[in-house]
Structure formats: C-alpha cells, structure tokens
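One chain is shown next in structure tokens, namely the form predicted alone.
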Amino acid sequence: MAYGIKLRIWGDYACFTRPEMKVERVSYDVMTPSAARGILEAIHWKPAIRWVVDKIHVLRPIKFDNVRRNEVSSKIPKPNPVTAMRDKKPLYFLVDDGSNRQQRASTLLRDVEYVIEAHFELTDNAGNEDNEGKHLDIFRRRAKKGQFFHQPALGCREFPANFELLEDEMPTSCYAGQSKDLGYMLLDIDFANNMTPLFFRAQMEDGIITPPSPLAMEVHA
C-alpha cells in the first residue's frame, strides 16, 4: 500500500461495546474497525481524506475483566446551555444528590495491544493543495510526536490509548498459527445512509483480522 501506515496501540483496559448489549456493557473480543478508524482520525483527519482500515493485528491474549462502575443516569440536555447563552441567562452548576446515580456492570478487555494497518483515500472535498504525500507526512509527523486532536481511546473515553508509529518489523502475535471465529462484529457506521450500522463475520487468522469493504456481499446492515 503506497500510502499506508502501521500504528501500534496499547492500553490497560478497553471496551468495544457490543450494540446488542445496552443495559450492561460487554466488549467485543478485539478492537472493531470503526474504533481503529476513530483512533486514526484522532491523530489526523481532514475532510479531504478518508481512512480505510486494512488489517488489525491482535498481539496480546484476549482477557476479560468484570467491573462495576457508578454512572449518572441522565445529563443536562444540550439545548439548555445553548439557550442560556443565547438569552444571556445565568448558568448554574447542579449538585448531584445521589438519585441520579446508578451502578452498572461492564465486561472489559484487559491489557490489550494491537497494530492497525491502514491507508487513506482522497475524498471529493480534496482541493488542489491536497495530495497523498502531504497528508501522509502530516500523520507520520504527528504520530511520532504523540500529537492528537483529541485523546485516542480504546472504545471508551475512560480508557486512553497509547500509540506509536510502527516503522520496524511487525511484532509476532500470540495467536500466530491459529484461527478464531469472533462472530458478527460492527464494521462501521454508514453516515451517508442515515447512520446505518454495518456488520461482518470477523475471522482472525494468525492474529490478524481483515475487515471487508462496506460494499462487500458479506457485509450486512
């Protein structure tokens, strides 16, 4: 891939939530392609480019942890601060009296490490000043310096992702020589079609997951 990159990602915890588990969060076994795209976009994204995840390498064993966390059951509706600012009304801090809290269980991944192989394509928004080499240089420079637009996360904002640009040989996966059926997994969201979720049957070969094209026959909405 002429304009491809390899990014190593690791962290203590991760939660790539299964959409069918809404009450108690349960993570997929591995990082989803949409989560991988989100990490790349956190480091460098412009309307002129579109990231395509080619492969996800799973380097460490898949391990789950069960935790219980206190969460709030509701939050301030977005229009309220906007209206207050527009009408020049005073804003107040709300004190949580405890009735707004709830305890939820989560099944998380622990001690994860991946390598994302990806490339980008120019979109219709690309101008004369945009070219592949320019955006590739920007991404590589930002990744080497650890720069990002917002903190890359491993599925949830509570679990920040460490990252580095991988320029050496690919590390060996602990699943080398094995095949594993991971079941149906979220591929991505079709933003051009009313934000329709797309799913595919994820197969891991030698620790590598190869996401199909969103237009492939095996992809289902």
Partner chain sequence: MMLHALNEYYQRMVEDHDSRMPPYGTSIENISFALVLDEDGSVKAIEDLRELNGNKLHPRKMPVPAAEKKASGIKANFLWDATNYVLGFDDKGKQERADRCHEAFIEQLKKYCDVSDPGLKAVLKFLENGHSKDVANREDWPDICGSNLVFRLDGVPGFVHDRSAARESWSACLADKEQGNTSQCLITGRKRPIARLHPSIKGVRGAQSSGASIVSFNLSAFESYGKQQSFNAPISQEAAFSYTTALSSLLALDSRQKITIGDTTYVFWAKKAIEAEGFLADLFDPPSEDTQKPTEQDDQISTRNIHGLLKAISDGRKPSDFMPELNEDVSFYILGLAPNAARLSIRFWQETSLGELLETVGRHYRELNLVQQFDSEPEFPSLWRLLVQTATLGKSENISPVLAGGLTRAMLTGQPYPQNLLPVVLDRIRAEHNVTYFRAALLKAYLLRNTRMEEVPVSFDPERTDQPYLLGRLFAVIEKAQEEAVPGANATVKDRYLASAAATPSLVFHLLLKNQTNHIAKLRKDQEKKGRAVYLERLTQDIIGLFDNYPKTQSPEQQGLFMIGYYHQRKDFFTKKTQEG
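Numbering follows the first chain given and starts at 1. Please read these numbers as outputs of a predicted model, since none were measured by experiment.
Beyond the structure shown, there is the form predicted in complex with the partner chain, which is absent from this document and is the topic of what follows.
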inquiry  = Asn70 versus the partner chain, in the predicted bound form: is there a non-hydrogen atom within 4.5 Å?
reply    = no
message = When the contact criterion is heavy atoms within 4.5 Å, does Val26 count as touching the partner chain in the predicted bound form?
response = yes
4.5 angstroms heavy atom contact with the partner chain in the predicted bound form for Asn125 = no
request  = Report whether the minimum heavy atom distance between Ala105 and the partner chain in the predicted bound form is within 4.5 Å.
outcome  = yes
key: Phe64, Ser74 and Leu198 each touching the partner chain in the predicted bound form (heavy atom, 4.5 Å)   = yes
request  = Sort through 170 to 178, 184 to 192, 156 to 164, 41 to 49 and report the only stretch with a non-hydrogen atom within 4.5 Å of the partner chain in the predicted bound form.
outcome  = 184 to 192
ask   = Though the partner is not shown here, which residues of 35 to 53 have a heavy atom within 4.5 Å of the partner chain in the predicted bound form?
value = none
